[in-house]
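The form predicted alone is given below as one chain in structure tokens.
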Amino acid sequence: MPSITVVGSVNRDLVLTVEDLPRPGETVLARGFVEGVGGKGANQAVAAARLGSQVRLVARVGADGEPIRRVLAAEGVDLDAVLTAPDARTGIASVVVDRAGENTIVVNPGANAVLSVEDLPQWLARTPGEVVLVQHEVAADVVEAAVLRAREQGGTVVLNPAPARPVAPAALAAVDVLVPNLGELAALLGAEPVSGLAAARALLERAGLPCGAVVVTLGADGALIKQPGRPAVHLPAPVVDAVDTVGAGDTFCGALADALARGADLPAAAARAVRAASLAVTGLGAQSSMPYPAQLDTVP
């Protein structure tokens, strides 16, 4: 089985569905409510596990985290490196989703903020080439230490720099595949936000980031890949009826890691990740519509 280690966050997701997102000062009534497991680390771990990878999660939950552990264990995620912060609550994400599938999210980090460099296992990449997947919902020093340790151990390092914040130059140089969305790419470059495929391609072509490759997720427009010495390549997304876009980016990252761990080249891995993310937006909640392999085979 392909092997992946995910270092990241675990949250309780509280998801409210509404007709339209509230404006500042406005109160709206929800049409529905769903509670589930989320956090970028947990989401990406589940996405990869559903596609058949052996996934180990490195994270922290609070003293209230036993129900979340049960959910993740049922998905086949290895929880040996998920520690309990006895004096903290598990992180909480309040998510509001409108009828078009757009959302706003507010996160209280909780136990995620307690995850420290000392909590990282000695071996993140347990075998050469093992994929180590990291995101920004934990402390910056944890991200940097995880990236550098995985690189030293011969791992394939994938960094999803979300939420957007600066990345230490040494850590960025140690990343094999950087996976930002368009806003996060602009933030990393200190550039003004852009929109549209042509502007995204132009921004990526002149980015000059010191990492290996960059894969920019573009939502309904799919993704752009930039590998060293090659022009950017666009991967369009299949057309689907979007219900909830929460978790689409995490599904992309988990599916990308799964494909890379199986030995796929980056264009093939990213194409598979685009299909997986497209399926993920067809249901409510971050994890409910994350696909299994048989479902991916139905998407052109």
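Bear in mind that the values here come from a model prediction, so they are computed numbers and not experimental data. Start at 1 and count along the sequence shown; that's the residue number.
The form predicted together with a small molecule exists for this protein as well; it is not shown, and the discussion that follows is about that form.
Among Ala242, Val34, Ala232, Leu266, the residue placing a heavy atom within 4.5 Å of the small molecule in the predicted bound form is Ala242. Contact with the small molecule in the predicted bound form, judged by any heavy atom within 4.5 Å, is made by just one of Val274, Leu260, Leu57, Ala49: Val274. Shown alone, this chain has one stretch from 63 to 71, 23 to 31, 244 to 252, 49 to 57 that lies within 4.5 Å of the small molecule in the predicted bound form by heavy atoms: 244 to 252. A residue is said to contact a partner when one of its heavy atoms sits within 4.5 Å of a partner heavy atom; Gly222 meets this definition for the small molecule in the predicted bound form. The closest heavy atom approach of Leu148 to the small molecule in the predicted bound form falls outside 4.5 Å. In the predicted bound form, the small molecule sits within 4.5 Å of a heavy atom belonging to Ser278. Of the heavy atoms in Thr217, some are within 4.5 Å of the small molecule in the predicted bound form.
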